[in-house]
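To begin, one chain is listed below as structure tokens, in the form predicted on its own.
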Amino acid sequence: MDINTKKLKKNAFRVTKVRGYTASRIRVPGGHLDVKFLPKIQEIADKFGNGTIHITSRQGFEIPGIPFEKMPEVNLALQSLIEGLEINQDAMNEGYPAAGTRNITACIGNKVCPFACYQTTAFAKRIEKAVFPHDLHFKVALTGCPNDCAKVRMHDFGIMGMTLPQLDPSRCIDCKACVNACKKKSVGALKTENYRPVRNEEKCIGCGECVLNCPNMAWTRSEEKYYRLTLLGRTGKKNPRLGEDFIKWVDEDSIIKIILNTYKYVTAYIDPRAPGGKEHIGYIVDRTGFDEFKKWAMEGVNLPKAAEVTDRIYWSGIKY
């Protein structure tokens, strides 16, 4: 069967090592879904695949063993999943309209985890709605706190939850539980002065350990949701590296605007000769310079007062 592999991959099917067979990749923004969708995934795997699924590193599902000629039927079967998970589509019953921008991944967030500073799944779905479908190869990951269980520094855009802790002095009993917790579990941003904890604003990473460990609820989380945005981490064969801090105490609207601006930047500067039409954002920034990227990324962005923007980023990592 003659197959246009570029079209196949754009439709979120994979070229596999077994001739004549493909695998279907199912998006699950934020890695969280209602169990009512699982029987449909099983049905597709049993009817069109080899009866197995793979849970991907990007928190989606991959169904292998699908004959090329069955792809249109698989797309029809996927429609209820695409609609149920509220994935953007160009046309119904034709499966996924792109695969370049990978599934938005997230830790479990504050639905379950006491350390998480926000609802990661909700923000992941909001980003998905804003950016998908798109053919450019972007990777976005979210984690609820600086523990970074989701390994967001290995992505183009890493989003860490932060909280700006608020102290009610009238409730503080000077037990030093917050100071000790910050010293042992975090970065030591608290010290005691005049029988009250004092927060070092420059050092604080917004983890919320003071809130979690205060026995008298003197510390509380800020009503505003803040984030740390890291940029351009990557794995792969060539020069892997961790993402570096770009903005601390940034808000959701600004993060989405920066990501959308980066799509415009990459569209303007991507190397047309890049293999498969893909070029990692980091290589483009290396070529054009960070200042040029920053100019595009920050266009029309209105940051909150608390935001701290890095003037210039230097990435380290393995060099080949």
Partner chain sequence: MGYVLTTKQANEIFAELSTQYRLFAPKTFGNEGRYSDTGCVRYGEVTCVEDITFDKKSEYSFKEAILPVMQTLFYFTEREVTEPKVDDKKTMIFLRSCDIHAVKRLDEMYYKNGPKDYYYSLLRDNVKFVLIGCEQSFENCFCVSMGTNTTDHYDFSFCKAHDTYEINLKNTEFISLFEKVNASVMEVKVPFVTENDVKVQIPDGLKAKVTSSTIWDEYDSRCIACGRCNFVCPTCTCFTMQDMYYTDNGKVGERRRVWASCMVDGFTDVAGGGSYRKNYGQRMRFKLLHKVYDFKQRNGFHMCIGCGRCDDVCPEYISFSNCINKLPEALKEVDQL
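Residue numbers count along the first chain shown, from 1. Since we're looking at a predicted model, the values are computed, not measured.
Quick note: we don't show the form predicted together with its partner chain, though the next part is all about it.
>> Is Arg19 near its partner chain? Define near as a heavy atom within 4.5 Å, in the model of the complex.
In response: Judged by the heavy-atom cut-off of 4.5 Å, Arg19 is in contact with its partner chain in the model of the complex.
>> Using a 4.5 angstroms cut-off on non-hydrogen atoms, would Ala91 count as touching its partner chain in the model of the complex?
In response: Ala91: no, not in contact with its partner chain in the model of the complex.
> Taking 4.5 angstroms as the cut-off for heavy atoms, does Val211 touch its partner chain in the model of the complex?
Replying inline: Flag for Val211 set to yes.
> Taking the shortest heavy atom distance, is Asp135 within 4.5 Å of its partner chain in the model of the complex?
Replying inline: Outside the cut-off, so no.
> For the chain seen here without its partner, which of 75 to 83, 127 to 135, 173 to 181, 93 to 101 has a heavy atom within 4.5 Å of its partner chain in the model of the complex?
Replying inline: Only one stretch passes the 4.5 Å heavy-atom test: 173 to 181.
>> Suppose contact means any heavy atom within 4.5 Å; which members of 220 to 243 contact its partner chain in the model of the complex?
In response: Counting only heavy atoms within 4.5 Å of its partner chain in the model of the complex, the contacting residues of 220 to 243 are Thr220, Arg221, Ser222, Glu223, Lys225.
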